[in-house]
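Take a look at this one chain, the form predicted on its own, written out in structure tokens.
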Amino acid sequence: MGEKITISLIKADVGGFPGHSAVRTELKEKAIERLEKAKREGLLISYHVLTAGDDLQLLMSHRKGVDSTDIHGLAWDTFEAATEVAKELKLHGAGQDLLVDAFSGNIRGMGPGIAEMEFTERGSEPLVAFMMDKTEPGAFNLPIYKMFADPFTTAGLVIDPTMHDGFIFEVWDIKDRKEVLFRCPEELYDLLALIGAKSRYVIKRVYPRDTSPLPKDEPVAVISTEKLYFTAGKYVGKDDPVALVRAQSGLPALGEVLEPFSLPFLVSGWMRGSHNGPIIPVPFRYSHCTRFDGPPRVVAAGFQISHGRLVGPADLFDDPAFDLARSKALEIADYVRAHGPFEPHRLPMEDMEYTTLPDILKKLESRFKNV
């Protein structure tokens, strides 16, 4: 085992081009300028500036630990600088994920999404950074469950003795701000009872079991769980979650980590954050969202970590093996789009509480009569 390393993936929508579809090159260049300066000054070991749909993604390696004021402050300053560029270009929704006026030491609850983990670097340390656009944090529930608890997805749960006892899932109730741990496989059904309600119960982290050769207190997967409307009090855009997943040597193999996305499962989000639709695994070049501002999609950037340095990225969904999933997703998109404003394409009323629909209902309130 090597030294401890921290990987931070922090994202924000600071301006779309055009509309909510993609990120302008100027924003990415501004972010690179800021992170390169931080690397020269020794704050970062390495970094990559990525994009997914209209979200600017900052992937950073360092030795400052999670929730570092220095790292979070760097991300906030970078997003603010990119926002100024977005405003000058009159990009759509410039700075929409920066929900407060000033940084206060920790970026959590301020708008941007965060997935970060500190762990001891192994002899070989593969890492996948997943980035979704036009959906919510709970969209990771199904694939993370499949990676770490489903033997039909991850053969290692059956045949690898270092994984055979399963994993521990940390689940957050993001409405009441509580957490609970599930030891799987023995508490599998309890886990599923919660995470199937993905708009409220979200997998936050996955840990090894006591029998694993890996350190028990170091996460092997972490997901962003920030809900923008809990901070803003109204709809300001989808949460567009991100996740970091470690692979191999006592963990799911790279192919097992990717396998859940061979099914274009249904997620909430899409147009105006108000519709259900299939999530499409796409290569980087197809990560811009245009059809009905979607459909929701996910990109996967693969890395090997070497002495803290992020070697990569590999464009993991740039593979014809995912072509059938993409074709099936488009067929599903056609089918659900045909429902128009009807459920189940449009979200149920309880999930529309923070959209613009309540303004319509308020206008009609006086016209309702008792029956």
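So that there is no doubt, residue numbering starts at 1 and follows the sequence shown. In this text, all values refer to a predicted model and were calculated from it rather than measured experimentally.
What follows is about the form predicted in complex with a small molecule, which we do not show.
Report task. State the residue from W270, F79, F130, F169 whose non-hydrogen atoms include one within 4.5 Å of the small molecule in the predicted bound form. Result -> If I apply the 4.5 Å criterion carefully, the residue I get is W270.
Query - Heavy atom within 4.5 Å of the small molecule in the predicted bound form - residue from H164, H92, R183, R108 - result: Flagged contact: H92.
**Report entry** Site check H20, K134 and Y354: each within 4.5 Å of the small molecule in the predicted bound form by heavy atom
**Finding:** The answer is yes: all three residues contact the partner (heavy atom, 4.5 Å cut-off).
Query raised in the report: in the predicted bound form, does D293 have a heavy atom within 4.5 Å of the small molecule?
Result: Looking in the predicted bound form, residue contacts with the small molecule include D293, since a heavy atom lies within 4.5 Å.
Query - One stretch from 272-280, 122-130, 172-180, 192-200 that, in the predicted bound form, holds residues within 4.5 Å of the small molecule by heavy atom - result: Result for this chain: 272-280.
**Report entry** Relative Cα spacing, D293 and Y354, in the predicted bound form - shift of 3 Å or more
**Finding:** Nearer in the predicted bound form, by 3 Å or more.
**Report entry** Cα distance between E353 and V14, which in the predicted bound form differs by 3 Å or more from this form, closer or farther
**Finding:** Between the C-alphas of V14 and E353, the gap narrows in the predicted bound form (3 Å or more compared with this form).
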